[in-house]
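Single chain ahead, written as structure tokens, the form predicted alone.
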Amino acid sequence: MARAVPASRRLAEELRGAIAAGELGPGARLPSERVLAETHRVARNTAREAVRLLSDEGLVTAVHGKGVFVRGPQRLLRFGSSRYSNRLRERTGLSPYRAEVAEQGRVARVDCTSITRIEPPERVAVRLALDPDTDTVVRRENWYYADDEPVQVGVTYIPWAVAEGSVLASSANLGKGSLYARFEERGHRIARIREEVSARMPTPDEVRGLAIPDGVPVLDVLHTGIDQNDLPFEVTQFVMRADLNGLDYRMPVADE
């Protein structure tokens, strides 16, 4: 005998259908638990559970003191084929992130929260061909915002031999052209990149720092910059809210 579907799941399915059909569009406020309970003739805890199910799926988000809202599909796209373009940087004077966000009609902000000299983590040392026992790197931590909403955090690792004696090792303000202009001044013009992408659930610190809603995963992007001499000169680990970021990579097909 088939088990009855719980009332909370039936209500969640009905609300899910309304969202899919556009009856509850992006930004729409869901009825309160009391109204949902009265309208659908269920207990308030049943309505609460239905809303929780939608939240876990990433369809709605709760805003303290205001209510529960349908989440919109708007995402920042990371254009892997063009974001590191030297021509784009020289034309705009902007970092890859700022140029990308501006192109999508939003306002970028980047906060550099720390600059330290450390021993490289193992996977960073491997990608930079460093000896973790003897070599050191500059670690720069940046938090990225679009229209004042936190969207990602990036931790950049630069070999000390590249950063020593420059603003790369000491200043949050990198000047016109930002990071990659300073690398070029040090003899490393970005020529190609390697990006390793995976998905996972966020850590508690990431949930707090990026204001990640319940049930939303993060994209983990490990980026390596490679120069004109085919040498890796920087590694950045990006942690990106999956609900606010998308990846758009276009590349030639290797025919080997």
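In this text, rigid core is short for the largest set of C-alphas that superpose within 1.5 Å between two forms. Start at 1 with the first residue shown and count on from there. Note that the structure is a prediction, hence the values are computed from the model and not measured.
Below, we refer to the form predicted in complex with the DNA, which is not included among the displayed structures.
ask   = Within a 4.5 Å heavy atom cut-off, is Asn45 in contact with the DNA in the predicted bound form?
value = Looking in the predicted bound form, residue contacts with the DNA include Asn45, since a heavy atom lies within 4.5 Å.
request  = Considering only heavy atoms, tell me if Gly215 and the DNA come within 4.5 Å of each other in the predicted bound form.
outcome  = Answer no; every heavy atom of Gly215 is more than 4.5 Å from the DNA in the predicted bound form.
query = Does any heavy atom of Arg189 come within 4.5 Å of a heavy atom of the DNA in the predicted bound form?
reply = No.
query = Could you tell me if Asp227 has a non-hydrogen atom within 4.5 Å of the DNA in the predicted bound form?
reply = It does not: once the DNA is placed as it appears in the predicted bound form, Asp227 has no heavy atom within 4.5 Å of it.
inquiry  = Tell me which stretch of 191-199, 205-213, 29-37, 219-227 has a heavy atom within 4.5 angstroms of the DNA in the predicted bound form.
reply    = Among the listed stretches, the partner-contacting one is 29-37.
key: Within 4.5 Å of the DNA in the predicted bound form: residues from 54-70 (heavy atom criterion)   = Contacts from 54-70: Ala62, Val63, His64, Gly65, Lys66, Gly67, Val68.
query = So with the core overlaid, does the Cα of Ile226 end up 2 Å or more away between this form and the one not shown?
reply = For Ile226, whose C-alpha is compared between this form and the one not shown after core superposition, the shift is less than 2 Å.
query = Do you see a C-alpha shift of 2 Å or more at Leu15 between this form and the one not shown, with the core held fixed?
reply = Shift of 2 Å or more: yes.
ask   = After the core is matched up, is the C-alpha of Gly209 off by 2 Å or more between this form and the one not shown?
value = False for Gly209: its C-alpha shift is below 2 Å.
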